[in-house]
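We give structure tokens for two forms of one protein chain below, kept apart as structure 1 and structure 2.
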Structure 1
């Protein structure tokens, strides 16, 4: 039953809301999918997220008017905390986290009516078409081209590091539509059906042996011109807003909270959770994450008010990824020689994937705009150095 239109979640007491969310997660989420060491494929966790969709819980941050739960920043943090506490794996959520908010802000009524319901129902799974060879952090150097022919765009080019594109049905693509304009100008934001002729997806195997990332090639792919979001050649403004959405989600406390949960489980199994030195280091990490949650909540409140995110949002990504890396390092240190072993390792009476957080933490400071880029943004636009 979809309860999003009948339940005023924000009217609930925080403790009551947490208890309700927790009980449903614990009762319904498949045990074998808890605390996975990798991003799950759609055939593995799609059933769960279709269940979330049926409950009306798929878009906790979206306004109720557009089919979301409309959670306040505090309720949204509780929702994420309970997901992490129960080890619920992230899905291919670019539609929920990025496409939906962009359409709500920049799309036409017709586009919202056409695309949002399919995102909420999980019929459309979205991938992000931003990074290219030689255009990663320097995104304005992208070379993928969209040429207008009649009432269609013809897209030619390549995207790379595209998360789970092999499971996606659609992609939002930044493409150059005016080759004579300056780097940041002449770029448009276009929605692409990945079943279109001329699209080819090639997986990339990562350090852990998984195929989370992909290359995507566009060979004269034809896209209806009404798939353009925002004005022609003004995609950079849309992209900047979306990068703000991305930074607030990459910068959420979810990853460090996930690693802290693994660390707590490991310490309990090894019997070192009472060691005073370990307790001091664990509590220092926990307090850093609590501080991070408070800062995150402030930026969520800005999003909820419909205001543009300030450049200060870059601090979230730095805090999240570097705290995550410190937690992953402490997991390996606490595990000792067992940290050399790949996969789920027997520790005491349980199993722990010791290297999973480390594999996730290694690239975290690079994707979504490297932490060096984030520090440059803060130095230039916030501190005016």
Structure 2
């Protein structure tokens, strides 16, 4: 059932829209995949997202003309809120979040016809090829090179920290196409088929024991020249233009709230919820999260008005991730000796994954622009220091 072409979602009032989305999520999303403590792999949640695709719900932000739901900013926020509320895990959705919008804005008609349908059908899963071993926070110093030979790029180099690359079929790569130009100026945005000869993906095991990120090696990988998006050497601007209002999600209060919920449940199971020391700590954290909701609401209003998010939005990411980490730490502290146990463990009459929130919270202050980089942005662009 493809409803996106027939349904005008924005004509519904907000509550009706929310109720409709919520009932669909609650009815169809597999219970065992709710609120998982790690990113799910495609073999686990692919079926759900193919279902979303079949319903026409896979690209809520894309314009209807390109096969999306064409949601207004307000409706889009509701859609995300309901996904978060029901604990629906993300898939490797960079095709939806990045490649689609990039092609819609910077691509040619031929590129849109060629790539967009495969993103919408989930046949193509896209990974983001930005970070390199020597280009993390200082991304513009990247060295992966794309040399032009006839009507092909020949790409050589290495990407790293690529989330779920082992499930991806394609990767959008920032590669250096002009070695003489200064840093940002000589970079291009190129689409790469990961089944091409010369590509090697190696998963990296993380602290939690999961394999969510990867190294991706390119050894003279040949890519047709029409896989370039936007002008040659303009890749930096293409990538930057897409830092849209998705930045608000990384600062949402949902992750701290999720950890606080686990903490409440744990305290009940352990019977320490009435302990005055616990109560004081729990309550202080809870009030901080409520406070975070107030500041988050201000940025939500900006998004709803359709205005671009200002640099101040970095505030949200810092607050959300640091509060999430404090909540995860308090879970460990509250669990006592059980906090040494890996996985879901019996506490009282229940089962709790105690280390799950900790491992989820720990890298949050690193990815998506480390909190140090966020502080640099605020110091320079907002405080003018």
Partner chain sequence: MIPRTDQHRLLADAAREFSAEHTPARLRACRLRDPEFDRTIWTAIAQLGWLGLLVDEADGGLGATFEDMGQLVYAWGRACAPEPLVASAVLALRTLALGDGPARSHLLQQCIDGSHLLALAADSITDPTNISVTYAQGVLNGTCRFVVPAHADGYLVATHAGVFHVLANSSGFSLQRETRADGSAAAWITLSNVAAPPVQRVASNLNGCLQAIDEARILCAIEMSGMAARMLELTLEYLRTREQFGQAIGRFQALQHRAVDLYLAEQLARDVTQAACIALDTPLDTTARHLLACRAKARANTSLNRIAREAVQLHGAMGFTDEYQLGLYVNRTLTLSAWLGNTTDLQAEYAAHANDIEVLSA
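Keep in mind that what you see is a predicted model, and the values were worked out from it rather than measured. Under this definition, the rigid core comprises the largest set of C-alpha atoms superposing within 1.5 Å between the forms. Numbering follows the first chain given and starts at 1.
Structure number of the form predicted together with its partner chain: Structure 2 is the one predicted together with its partner chain.
Aligning on the core only, does the CA of residue 356 end up 2 angstroms or more away between the two structures? Where the cores coincide, residue 356 still shows a C-alpha shift between the two structures that is 2 Å or more.
Does residue 261 move appreciably between the two structures, meaning a CA displacement of 2 Å or more on the superposed rigid core? Residue 261 C-alpha, core-superposed: shift of 2 Å or more.
On a core-based superposition, does residue 158 travel 2 Å or more at its Cα between the two structures? After core superposition, the displacement of the residue 158 C-alpha between the two structures stays below 2 Å, so no.
What's the distance in angstrom the Cα of residue 288 travels between the two structures, core superposed? The alpha-carbon displacement, core-superposed, is 7.4 Å.
Rigid-core-superposed Cα shift at residue 274 between the two structures, Å: Taking the core as reference, the C-alpha of residue 274 is shifted 9.6 Å.
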